[in-house]
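Just one chain follows, in the form predicted on its own, and it is written as structure tokens.
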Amino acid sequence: MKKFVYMDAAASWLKPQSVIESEADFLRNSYANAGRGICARAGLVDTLIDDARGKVADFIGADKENIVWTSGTTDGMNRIVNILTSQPSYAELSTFAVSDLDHHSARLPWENLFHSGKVRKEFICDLDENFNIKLDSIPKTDFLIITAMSNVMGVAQDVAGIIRAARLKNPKVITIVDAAQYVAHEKIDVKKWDCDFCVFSGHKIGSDTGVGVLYIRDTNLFPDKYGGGMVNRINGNNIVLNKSPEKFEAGTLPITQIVGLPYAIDYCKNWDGGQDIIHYIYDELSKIENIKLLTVRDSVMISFVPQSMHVIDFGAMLGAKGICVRVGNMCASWIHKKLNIDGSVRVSPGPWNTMDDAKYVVDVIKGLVA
């Protein structure tokens, strides 16, 4: 059988056996809806959901009432915009700041507000020569969107420092952190960061797709959607909502995926980061004249541009050799524009990869660019 090497961890992690088994066991033996029933099985499901929420809270340094389930980072980023724009107290806030590190899901919801005239001005934070957000470029703004780690450059940003700098300009600035790539590689502490919102997807650390985490500091905010499970009672025209987090979780939750998430967190926490593999691939590719490396050696991924062919063709040829990587603009158009390129090739190892995998990838790449 042809060798297969999956080095596209930045797009989505392969699933550990513990996640697969926990979800299969739940579906076979314990399934029921959450927050709806009073029988023993329904009570068990509520306990599982609550335990998972507590696991996530510990994982990112939060309290349980601040952890809201979503379907992923994209859902979370869009929900933040919808939550904020539904608050009467924010009606007069009209400026936001982003950077060229942003993934489409982090920046486009705000650009949509800007182009539709719902916010007045957009600021672009500058990047230094190492593609870090320059603290002295952070403007006085109402909302600041921070990509904690670019999915192209793979270097952790100083989130706490960025937020401190923003609050010096405007103590009331609302800070929103996209931690989709960061979560697999660095410790998140939302309280030390002093952020107002933070999002990530479970599948980036080995959980199933369809579950994400939204941290909301101010639980007094109005929710962005209404439905079952978030209403305490209705008296005539008076609607009394449940407390957070339930008031932000209208409708049926992704229960099975939530049950598997704590196992993914344990799996992620036990990974050493794969720097030996990354350093080997980086050092070998740096010797090849026909490859332009975009990332630094200590990045958590390796992005590059082959000089001899289009990145899409290069990715297809790697695929024909059984190597799965990401090619294109990575849903991060702005950083590619800043680099004056249309796209790149990204190699991102995960816990399942071995040094033999790394050597195979390097040998195939050398063969393609020779």
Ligand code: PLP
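What you see is a predicted model; the values in this text were computed from it and never measured. All residue numbers refer to positions in the sequence shown, first residue = 1.
If you look for the form predicted in complex with pyridoxal-5'-phosphate (PLP), you will not find it shown, but the lines that follow are about it.
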| Closest heavy atom of Gly72 to pyridoxal-5'-phosphate (PLP) in the predicted bound form, within 4.5 Å or not? | yes
Exercise for the section: Would you please decide whether Ser201 lies within 4.5 angstroms of pyridoxal-5'-phosphate (PLP) in the predicted bound form, comparing each non-hydrogen atom pair? Expected result: yes
Quiz item: Ile174: heavy atom within 4.5 Å of pyridoxal-5'-phosphate (PLP) in the predicted bound form?
Solution: no
Q: Indicate whether Ala180 is a 4.5 Å heavy atom neighbour of pyridoxal-5'-phosphate (PLP) in the predicted bound form.
A: yes
Partner-free chain; cross-checking pyridoxal-5'-phosphate (PLP) in the predicted bound form, the single residue of Met149, Cys125, Ile145, Ala166 with a heavy atom within 4.5 Å is Met149
In the predicted bound form, the residue from Ser299, Ser244, Ser105, Gln257 with a non-hydrogen atom within 4.5 Å of pyridoxal-5'-phosphate (PLP) is Ser105
Exactly one listed stretch (287-295, 203-211, 228-236, 155-163) reaches within 4.5 angstroms of pyridoxal-5'-phosphate (PLP) in the predicted bound form by non-hydrogen atoms, and it is 203-211
